[in-house]
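Okay, here we've got a single chain as structure tokens, the form predicted alone, with questions on binding and movement later.
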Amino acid sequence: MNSALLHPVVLLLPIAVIVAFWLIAAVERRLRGTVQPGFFRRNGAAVGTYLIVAVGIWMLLLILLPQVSMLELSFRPKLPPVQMGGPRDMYTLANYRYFLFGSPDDASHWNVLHLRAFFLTITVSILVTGFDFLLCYPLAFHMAQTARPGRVRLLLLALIAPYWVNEVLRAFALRILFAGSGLLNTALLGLGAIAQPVDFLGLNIGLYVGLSYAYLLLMIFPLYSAIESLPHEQIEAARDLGAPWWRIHRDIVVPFAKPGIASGCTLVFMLSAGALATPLILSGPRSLWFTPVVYDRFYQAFNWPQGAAYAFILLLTCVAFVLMVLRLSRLSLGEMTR
């Protein structure tokens, strides 16, 4: 099918998506039986109109339309500009076949290089998400339930201050730290813990640390916000009844903080899977992250349809992860974003 015939449909798809989300929200409210004042009655006509227009422009022009345009581009062949919209500009699955097999026509061999980069990216992003959760949960609980206000402010300042530095500069600082002659190897050699420098960058330890550090705040703040709203009396009552600490967290804190846990996990996973600067600076010579592959499709091979197909595959994977988190936590999308 000629791509020019479907351009009006592509422009209408974002509007259809907005209407679909509105219908889903209306059905959820009806199923829960909640009756609330109307949107304009709660916010006023002026503020309500501004919110609808601002959010509509944000969703339509900056999120939905670019994504739908990328999806449409991923089904088109790579053509010179003068041939776009012509008889050769037909919709095709060649870009997706190239991702799987390394060729738009030959399906006899798998595209091992790109598939390995894709699954490495997804696997490491899941592990980084789990590590960030295990690291941030105790700290978020301490800040929300046991720490004094002064200590909470101090901890928040200590967490936020390093992020005043640009992400690229932080990645280069970590590269210097983990280099063969860097501070960490120098300290270990001086202490006699190792006989020769460890190749932290070649082993991708620098990459894992950099990704975990880059999105730490996106895990700890949703956790802190969720746990802070838990009444402290529930924890005290469980302690008075003799519940051990692990059962308090398993049966009280974690179920109550599920929206924050789900929100933090999805944010860290999606940003880790889509990271570009940190993998380029900190990854080892034998590893390949998927986002540099996508970047190369666009700006090295100058194959924008193929790059759009790769980007859309990554987007679908992130959406699937969000749906899996919602399913495992038994939360709706509205509950997770509260």
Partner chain sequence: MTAAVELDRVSVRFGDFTAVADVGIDIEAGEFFSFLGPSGCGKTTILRAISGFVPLSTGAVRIGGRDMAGIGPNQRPTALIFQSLALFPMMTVAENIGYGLRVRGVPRRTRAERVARLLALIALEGEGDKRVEALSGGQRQRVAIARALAVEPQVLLLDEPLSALDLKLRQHMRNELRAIQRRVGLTFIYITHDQGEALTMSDRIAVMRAGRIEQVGDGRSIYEAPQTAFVAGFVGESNALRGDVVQTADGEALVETPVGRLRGRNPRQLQAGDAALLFVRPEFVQPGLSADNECDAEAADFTYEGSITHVTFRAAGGTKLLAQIGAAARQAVPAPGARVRLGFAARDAVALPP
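Numbering follows the first chain given and starts at 1. What you see is a predicted model, and the numbers here were worked out from it, not measured in a lab.
What follows is about the form predicted in complex with its partner chain, which we do not show.
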{"query": "Proximity to its partner chain in the predicted complex, single hit among Leu241, Val82, Ala195, Leu191 (heavy atom within 4.5 Å)", "finding": "Leu241"}
{"query": "Its partner chain: the contacting residue among Leu100, Ala94, Ile126, Ile252 in the predicted complex [heavy atom, 4.5 Å]", "finding": "Ile252"}
{"query": "Region of this chain that lies against its partner chain in the predicted complex, out of 100-108, 244-252, 86-94, 118-126 [heavy atom, 4.5 Å]", "finding": "244-252"}
{"query": "Any non-hydrogen atom of Ala237 within 4.5 angstroms of its partner chain in the predicted complex", "finding": "yes"}
